[in-house]
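Below you'll find only one chain, the form predicted alone, shown as structure tokens.
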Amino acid sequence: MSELVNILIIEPSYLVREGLKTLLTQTGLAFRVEETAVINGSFQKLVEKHQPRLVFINTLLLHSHWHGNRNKAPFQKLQIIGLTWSDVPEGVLSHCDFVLDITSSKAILMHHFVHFITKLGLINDEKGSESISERESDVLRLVALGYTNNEISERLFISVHTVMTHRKNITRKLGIKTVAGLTVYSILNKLVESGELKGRASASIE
């Protein structure tokens, strides 16, 4: 079972805060979240109050409210993810462990989420109790890339009914019910590469 992770989101935009929580949920991460639109006082005092493991913070707020030393408590075990939509303010990069461009596509954002959450060992990337078959892996890969049941049927030369059966078996074996969750699993288990997700995301826009 995944560790329950304390997360603090510091971001003025309600939509961005809700989007972050939605993406975090779809990674399968077990977390408790606190959120605020402003910083009253210093960033350090806010961290001391909530004691988060991860902080997602608007880089403009971080730039104007940073007071602390990354080599001292409470920052030693803290991972800071800066949220930006343009150039990062000078001096902010040294405070961040990762910078997330909130204008990126969902596929790219999910890839980044999986990267730093997995790197920290906060989610379990092991397979379920039952391993999926080679054909189920083929279906899962195409599901992760965003193909419909009909498209998967045509590509693998199997019936739509068979595709649906494979998908039910995959969901049962892995215990993952959402396409986003299956995409995360596929990335973790190297069934798809981030470049493929980017390409598919671009194609769907065009």
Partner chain sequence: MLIHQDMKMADVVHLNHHLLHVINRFGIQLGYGEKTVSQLCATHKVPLPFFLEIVNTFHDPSYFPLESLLQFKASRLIEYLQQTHSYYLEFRIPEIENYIQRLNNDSSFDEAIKVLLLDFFGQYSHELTVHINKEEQRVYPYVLALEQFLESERSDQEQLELLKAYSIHEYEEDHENVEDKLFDLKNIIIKYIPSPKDSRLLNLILHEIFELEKDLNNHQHIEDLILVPIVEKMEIELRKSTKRTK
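What you see is a predicted model; the values in this text were computed from it and never measured. Residue numbers count along the first chain shown, from 1. Only the largest set of C-alpha atoms that superpose within 1.5 Å between the two forms is called the rigid core.
What comes next is about the form predicted together with its partner chain, which does not appear here.
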### Message
Just to be sure I understand the contacts: of I176, L60, I39, L145, which is the one whose heavy atoms reach within 4.5 angstroms of its partner chain in the predicted complex?
### Response
I176
### Query
According to a 4.5 angstroms non-hydrogen atom cut-off, is I9 in contact with its partner chain in the predicted complex?
no
### Query
Taking 4.5 angstroms as the cut-off for heavy atoms, does L23 touch its partner chain in the predicted complex?
no
### Query
Any of the heavy atoms of L188 lying within 4.5 Å of its partner chain in the predicted complex?
yes
### Query
So, in the predicted complex, is V47 in contact with its partner chain at a 4.5 angstroms heavy atom limit?
no
### Task
Specify the contacting stretch among 135-143, 168-176, 27-35, 149-157, defined as having any heavy atom within 4.5 Å of its partner chain in the predicted complex.
168-176
### Query
Aligning on the rigid core, do we see the C-alpha of L182 shift 2 angstroms or more between the shown form and the other one?
yes
### Query
Taking the rigid core as reference, does Q44 move its C-alpha 2 Å or further between the shown form and the other one?
no
